[in-house]
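Quick setup: one chain, the form predicted alone, written in structure tokens, and binding and motion questions come after.
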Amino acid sequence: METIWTTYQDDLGPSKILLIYDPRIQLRAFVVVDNVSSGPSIGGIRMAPDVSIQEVVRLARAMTLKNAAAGLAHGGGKAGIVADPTMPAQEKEALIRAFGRAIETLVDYIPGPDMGTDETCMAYLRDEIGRSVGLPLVVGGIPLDVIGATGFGLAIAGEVAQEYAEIDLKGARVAIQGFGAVGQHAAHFLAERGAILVGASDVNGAITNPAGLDVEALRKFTKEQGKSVAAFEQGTPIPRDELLFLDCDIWIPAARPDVITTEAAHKMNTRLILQGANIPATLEAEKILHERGIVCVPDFIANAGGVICAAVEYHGGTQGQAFSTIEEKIRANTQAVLRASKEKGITPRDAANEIARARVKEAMTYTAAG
């Protein structure tokens, strides 16, 4: 624990780290509440066999900055459950419910869906503790993964960033790493704007077609039939990691953290990166991308659609209000970040951090501990 504090603690947080263990059902989990100066923290629950405290600490900070940048009345938090998300449904329900009971008194953390969890899990949590976001429609939620809130936000960020990356969204060639809930919707909304999907990957492989992949057919193939993109007959299978270096105009990471390393940054062949995943690139890699003239819109700016939708839901808003709020906030924030990056000659992440941290620090002056 001492290593966590000395490595990650700074003038913003984290304020709480909760370790959870229930040997009866093999529940191992942790919650990080990073900063609540703007209000109770909102952040997803990540379920993966290898999720770590260090990863969740970083993700919680990303949520603090994301929520501040979006102007939400919420701080940042995140949770991790060390488990296989593909376990039998009954076992997963029991694990989620046990996790819910363990965080019942942690009222400054509002859980939402993330990698490995979904609106069904959020419904179980609401039943247990009375608070969660990303709920199913039938219980009054706005199912952000179903409507594609995060993917929609990425498309809006792309609309703004095309000018800075010197590309035209109409006809732009797109590659997506992680053709899941975020990646599929990003492909859909970008295709509506004239972009062409030339490559995609999932945990089992990757596929490419320079002439373009049928986005809706690929979505049905992977989602409804449960098959890997690598088996889709419209394209050519390639090794999964080769997607990193595919020749394209827009590259979207929508999978795990730190997939863009310094080595990869030197070799990527794209003009614009829209970060659909949280912390998908190392800081050094982002500096290299910036030096190479590749525009990289940071995660907490580009992929904020999901948490904006969650906040609208939490405060009783509608799906229509969620989409309009996502567009308004992501359009304005992407413009502000990329303009500051260009004018100051700094990376987009440095520009985004300046904006978001200033908002958090100001919010902290209004709290008793500020």
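What we label the rigid core is the largest C-alpha set whose atoms superpose within 1.5 Å from one form to the other. Model, not experiment: these values are computed from the prediction. Numbering starts at 1 and runs along the sequence shown.
Form predicted in complex with a small molecule: not shown, discussed below.
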Candidate from Asp145, Glu286, Asp249, Glu128 lying within 4.5 Å of the small molecule in the predicted bound form - any heavy atom: Asp145
Within 4.5 Å, heavy atoms only, which of Arg173, His290, Arg97, Arg256 is in contact with the small molecule in the predicted bound form? Arg256
Heavy atom of Ser132 within 4.5 Å of the small molecule in the predicted bound form: no
With heavy atoms only and a cut-off of 4.5 Å, decide whether Val139 touches the small molecule in the predicted bound form. no
Looking at the partner-bound form in the predicted bound form, is Ile238 within 4.5 Å of the small molecule by any heavy atom? no
Within 4.5 Å, heavy atoms only: does Val203 come near the small molecule in the predicted bound form? yes
Pick the stretch from 162-170, 175-183, 102-110, 209-217 whose residues have a heavy atom within 4.5 Å of the small molecule in the predicted bound form. 175-183
Exceeds or equals 2 Å, Cα of Arg46 between this form and the one not shown, core fit: yes
On a core-based superposition, does Ile326 travel 2 Å or more at its Cα between this form and the one not shown? no
After the core is matched up, is the C-alpha of Val312 off by 2 Å or more between this form and the one not shown? no
